[in-house]
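Take a look at this single chain, the form predicted on its own, given in structure tokens.
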């Protein structure tokens, strides 16, 4: 394995060298950063030409200039990385250092959210092949796959930002919208859990009535102006999560796992007010991390309490339940800052932004207000990227799982009397992940390319905006900095995909 990794790294270095050499020379010969200055009649144009020629080494032939740039890149190994200066006389490293976290924040959230949702819907669609839910997911996947990202982004800005902000000025949900939303909710849950027609309509009726009642209560209490969950709702949702996680992880019939998960849900309910006190007085990322560690330790302790053997699945079930329940409490604390956030002068009653990655006018030391501002700016561009990526994950997951379920070893597992949950989670899921691991690299890179358009529409100053700026201004050093970083991501992504293959399938030996 080590020898394989070293060989791949060596080949990757050659690929990076060759691609960067071609891109540098093609860009250098195709552009002239001094063209506009040569045509200018400004008295200072001549001086600017001299300064740019000196600073950017424009009097040196491009092939030789490339090795001057490469010398600065190789300075990384002696602690003196130098990617050159931009046309505005700022450091390329500083420009990248500002843009990389912005794009990573956008792409990583979109990638993992689309991955989780897409795989969940794809698995359910495959397990319920040719059902109402399967047809609905197939239609949704093809619909989203055909829509251009810029059109989705513009629609989100119009209806989820501008129109929603207008709605908050006089919040009142018409009864017709309540009924339509409840019908859609009833159809979704009926298709998801329904089977025969009678079962479908019973689930539809329950979901319709529940959703209509919730929307009526929200409208009556103006919940969207001062939202929150409260301890009762956190406790009920935590209990539901405990049952759901247990049924997926080990099966509800596993009594130790079920009791551990329900105990974790009960602890979440009991710790609601203590957790809120901690958040109010010690709000920080360190506090959130320490609480996650406490949840993990509690899950391990519960596995030892409820079982003396096979504690791994029980601990896993309890920890997942605890983290999801903790996320509910954390979400509730963020919601409590909503009214204060809307009342600030920077927001002025229009909390869903359409431009930028945060409000520069919002100057506060409040940890929760700052994070709510980041989250509110993250919602629309992330949702745009999720929608274009979700379609691919649904279709690929469905196709991959259906192919695996038709294999002989799956038939053998069923013939041995294993229940369907065990067959899917223990036998099919791991093999289904093989083709998806290679797809993951392409999806991440596709999201980065989609982020270029999304950043432009929503005014984010990330890698996409930086790359377009470099092209428009003929800034070769800045362009090479962006290209080098993206090339490294491509190479590392493919290496990680190959390594995942060997982890998921022990028959694959990469070292041979």
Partner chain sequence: MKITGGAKLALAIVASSALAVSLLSPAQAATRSTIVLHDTNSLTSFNSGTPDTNLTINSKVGNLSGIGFLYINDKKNVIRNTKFGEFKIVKNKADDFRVEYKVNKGLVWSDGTPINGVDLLLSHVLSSNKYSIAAGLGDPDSDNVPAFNSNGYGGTYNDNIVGEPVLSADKMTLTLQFKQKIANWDLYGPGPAAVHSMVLIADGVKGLQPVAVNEKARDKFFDAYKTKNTAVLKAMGKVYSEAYNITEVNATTNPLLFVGNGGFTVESAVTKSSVTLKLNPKYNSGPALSGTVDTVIFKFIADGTAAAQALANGELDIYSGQPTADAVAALKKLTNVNLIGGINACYEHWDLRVGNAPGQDEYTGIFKGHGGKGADLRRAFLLSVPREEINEKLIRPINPGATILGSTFIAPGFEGYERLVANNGSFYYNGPQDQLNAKAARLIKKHYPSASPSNPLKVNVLVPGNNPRRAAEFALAKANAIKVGFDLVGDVQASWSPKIQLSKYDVQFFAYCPSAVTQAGSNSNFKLGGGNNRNGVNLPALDKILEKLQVPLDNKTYITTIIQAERIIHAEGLTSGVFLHPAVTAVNKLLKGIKPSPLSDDVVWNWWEWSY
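Numbering follows the first chain given and starts at 1. All of these numbers come straight from a predicted model, not from anything done at the bench. Take the two forms, find the largest set of C-alpha atoms that superpose within 1.5 Å, and that set is the rigid core.
There is another form of the same protein, the form predicted in complex with the partner chain; it is not shown, and what comes next is about it.
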| field | 4.5 Å heavy atom contact, residue 206 and the partner chain in the predicted complex | value | yes
| message | Given that the partner chain is not shown alongside this chain, does residue 444 nevertheless sit within 4.5 Å of it in the predicted complex, heavy atom to heavy atom? | response | no
| said: Using a 4.5 angstroms cut-off on non-hydrogen atoms, would residue 273 count as touching the partner chain in the predicted complex? | reply: yes
| Is residue 253 a contact residue for the partner chain in the predicted complex, using a 4.5 Å heavy atom cut-off? | no
| said: At 4.5 Å by heavy atoms, is each residue in 64, 84 and 284 next to the partner chain in the predicted complex? | reply: no
| said: Given a 4.5 Å cut-off on heavy atoms, tell me which of 410 to 418, 155 to 163, 387 to 395, 425 to 433 is the interface stretch with the partner chain in the predicted complex. | reply: 155 to 163
| note | Only hit among 350, 199, 132, 304 for heavy atom within 4.5 Å of the partner chain in the predicted complex is 350
| request: Select from the listed residues 327, 355, 184, 177 the one whose heavy atoms reach within 4.5 Å of the partner chain in the predicted complex. | output: 355
| request: Select from 203 to 225 the residues with a non-hydrogen atom within 4.5 Å of the partner chain in the predicted complex and write them out in sequence order. | output: 206, 209, 210, 213, 214, 217, 221, 223
| request: Take the rigid core as the frame of reference and indicate whether the C-alpha of residue 56 shifts by 2 Å or more between this form and the one not shown. | output: yes
| field | Core-superposed comparison between this form and the one not shown, residue 457 Cα displacement 2 Å or beyond | value | no
